[in-house]
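The chain that follows stands alone, in the form predicted on its own, written as structure tokens.
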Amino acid sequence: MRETLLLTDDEVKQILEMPRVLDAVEEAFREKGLGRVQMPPKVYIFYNKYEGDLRVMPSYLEGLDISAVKVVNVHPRNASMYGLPTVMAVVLLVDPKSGFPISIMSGSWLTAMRTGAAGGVAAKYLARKDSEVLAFVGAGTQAKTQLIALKHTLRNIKVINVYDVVESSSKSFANHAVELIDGATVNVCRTPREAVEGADIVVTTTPSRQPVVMSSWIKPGVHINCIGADAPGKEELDPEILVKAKVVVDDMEQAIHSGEVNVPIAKGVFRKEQIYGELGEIVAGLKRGRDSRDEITIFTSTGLAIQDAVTAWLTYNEARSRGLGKLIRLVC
């Protein structure tokens, strides 16, 4: 009789380390670029009266023989109203041979880490190698894991600017940054413009439905990881930035419907033909990444089910080797 491994969020946190997540997520993007994955676009249910949504994300990486399904919510009012995280998730890891549920694990920290890793992979291929000044607009959990990933991607981070509409979040992020990046100057900024002007890399992790970063603030050569716009109607960047940039998405279909480009495309100010390509194509060597020092590059992340699958597989195997989790007879 086979058993299913249950893993809590605390156990997942014990296991996941960013260097290994970065490697796993980069491999997942490569597999996608080579056309060796099955990944339908995520399915949404909208709880409009509660300002939240639920997403279902299945995938199968054929070459790696890894398959999983994630169910994840986004409820921005959770912290203030219910004392719950904005994002919660559960991942079901499936044996492709039989369909048996190998593991059920909390996907909350897993989601934060794999999304941070996607930003790190994007910066590896699209940002200038000598980038020194980072700007964060939005200072929640996702901003923190983006910084963890960038620490392992960039050689010489000297300045970190942060802005959040909630000042306490900015201060919490600043404390995190000081501990994480030795010797860096960390600035809590009063406006998004103060944070962004002069930055080499800009990371946006807000739930905004209108632009929070304007084109006039962006200097030549900037790379932007646009993480917050991951559902229809969300938008963080002035569309003028998209028009003058090399825009790279994680998945073409998802991005058009729910990524940073979804609102500009719907309004007719940006065309899907202006999207340069997918990150997986660049990782697989099918398309070039950054072409020049002055090029503005944008990675628009919607979050891919294959990122969850490879990170869940990593978590499961490490949990088994450490004896973590609880085995149950879910299927008789």
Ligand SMILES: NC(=O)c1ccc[n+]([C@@H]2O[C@H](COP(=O)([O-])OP(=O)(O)OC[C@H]3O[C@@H](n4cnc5c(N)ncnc54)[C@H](O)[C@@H]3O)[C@@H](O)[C@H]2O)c1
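In this text, all values refer to a predicted model and were calculated from it rather than measured experimentally. Sequential numbering from 1, following the sequence displayed.
This next part talks about the form predicted together with this ligand, which is not shown.
In summary, the region of this chain contacting this ligand in the predicted complex, judged by heavy atoms within 4.5 Å and restricted to 241-249, 108-116, 150-158, 193-201, corresponds to 108-116. When this ligand is considered in the predicted complex, Lys124 lies well away from it, no heavy atom lying within 4.5 Å. Contact annotation: Ala139 falls within 4.5 Å of this ligand in the predicted complex, judged by heavy atom distances. At a distance threshold of 4.5 angstroms between non-hydrogen atoms, Gly120 is out of contact with this ligand in the predicted complex. At a distance threshold of 4.5 angstroms between non-hydrogen atoms, Ser215 is out of contact with this ligand in the predicted complex. Taken together, the three residues Glu31, Arg36 and Ser59 lack any non-hydrogen atom within 4.5 angstroms of this ligand in the predicted complex. Contact with this ligand in the predicted complex, judged by any heavy atom within 4.5 Å, is made by just one of Lys234, Arg128, His257, His176: Lys234. The single contact residue among Val74, Ile104, Val133, Ile181, judged by any heavy atom lying within 4.5 Å of this ligand in the predicted complex, is Val74.
If you take 276-302 and check each residue for a heavy atom within 4.5 Å of this ligand in the predicted complex, you get Ser301, Thr302, in sequence order.
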